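Read the single chain below, which is given as structure tokens and is the form predicted alone.
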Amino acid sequence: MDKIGQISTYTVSLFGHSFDVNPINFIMTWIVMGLLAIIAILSTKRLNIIPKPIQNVAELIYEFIEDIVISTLGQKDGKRFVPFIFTVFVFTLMGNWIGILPNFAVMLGTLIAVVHNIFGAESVQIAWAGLTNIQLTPDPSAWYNFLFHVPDFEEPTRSINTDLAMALMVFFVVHAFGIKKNGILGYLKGYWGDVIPCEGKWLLLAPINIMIPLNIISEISAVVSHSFRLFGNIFGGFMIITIVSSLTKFIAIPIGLLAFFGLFAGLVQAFVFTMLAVTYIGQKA
């Protein structure tokens, strides 16, 4: 309990500067990308008119994102951004969900051990001290004992570094699209505002146009809020599950919390993060 939220880092020296690196977050990010690559290969390896389950799920998610993006950005711009938005969604979703895999392994091992005990196995010891205090000790030689020792998976999206990097990626894509679509002058006019006309002699008043710094601050705050919203919800859910699980011995109440914060909240936050990206792109269209 005393180490909740503690981050293990090591220092790397590069070009005379020292940087703190979180190796767990780095590794988990690559694990998420690897899992997504495997799922992509399996879902597209043998495409059929009548899709198999994994292909069917992939197509449903893609078509769902495609409908939302096209309805928001229009047919032309929407088609262009569907692959990018889809990638943002599935990466964020997998990043939110991967941390609950060890918890599912423990719950599965617990259920197997309880059933094993019901059928008379003496290798499983269960001590009942109330609904929220159930001590279960499986025999180390039991075949399912490994389920209780699955390494903890830290969600990449639980780190503000990952969330900020994703928000910055969306930021650069949005503004690059705005410049390409409206031209550099048309893009800069968006920062000018409607108080002072952006033409002719009025351009001399640019240094005192209060709308320019306000709009720049607005763009920066959008990146901060985009990243901190995801970080706050994922980290907050992790804290609640961890604290309550430790207090209730991970048997009764945490199952419902895991279902909500791990699955439902992870899905909702991935959807919100993705839809905000679509909204930002639509504002620059």
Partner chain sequence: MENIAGPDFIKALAFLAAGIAMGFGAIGPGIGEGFVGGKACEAIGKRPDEANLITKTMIIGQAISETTGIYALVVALILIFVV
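Numbering follows the first chain given and starts at 1. Predicted model, so just to flag it, every value in this text is computed and none were measured.
Note that the form predicted together with the partner chain isn't included here; everything after this is about it.
(request) Determine whether any heavy atom of Leu185 comes within 4.5 Å of a heavy atom of the partner chain in the model of the complex, and answer yes or no. (result) So Leu185 does not count as contacting the partner chain.
(message) If we define contact as a non-hydrogen atom of the residue within 4.5 angstroms of the partner, is Thr72 a contact of the partner chain in the model of the complex?
(response) Looking in the model of the complex, residue contacts with the partner chain include Thr72, since a heavy atom lies within 4.5 Å.
(message) Can you tell me if Val115 lies within 4.5 angstroms of the partner chain in the model of the complex, counting non-hydrogen atoms only?
(response) So Val115 does not count as contacting the partner chain.
(request) Verify the contact flag for Ser221: yes if a non-hydrogen atom of it lies within 4.5 Å of a non-hydrogen atom of the partner chain in the model of the complex, no if not. (result) Ser221 belongs to the contact set for the partner chain.
(request) Answer yes or no: in the model of the complex, does the partner chain come within 4.5 Å of a heavy atom in every one of Leu214, Thr279 and Gln283? (result) Each of the three qualifies.
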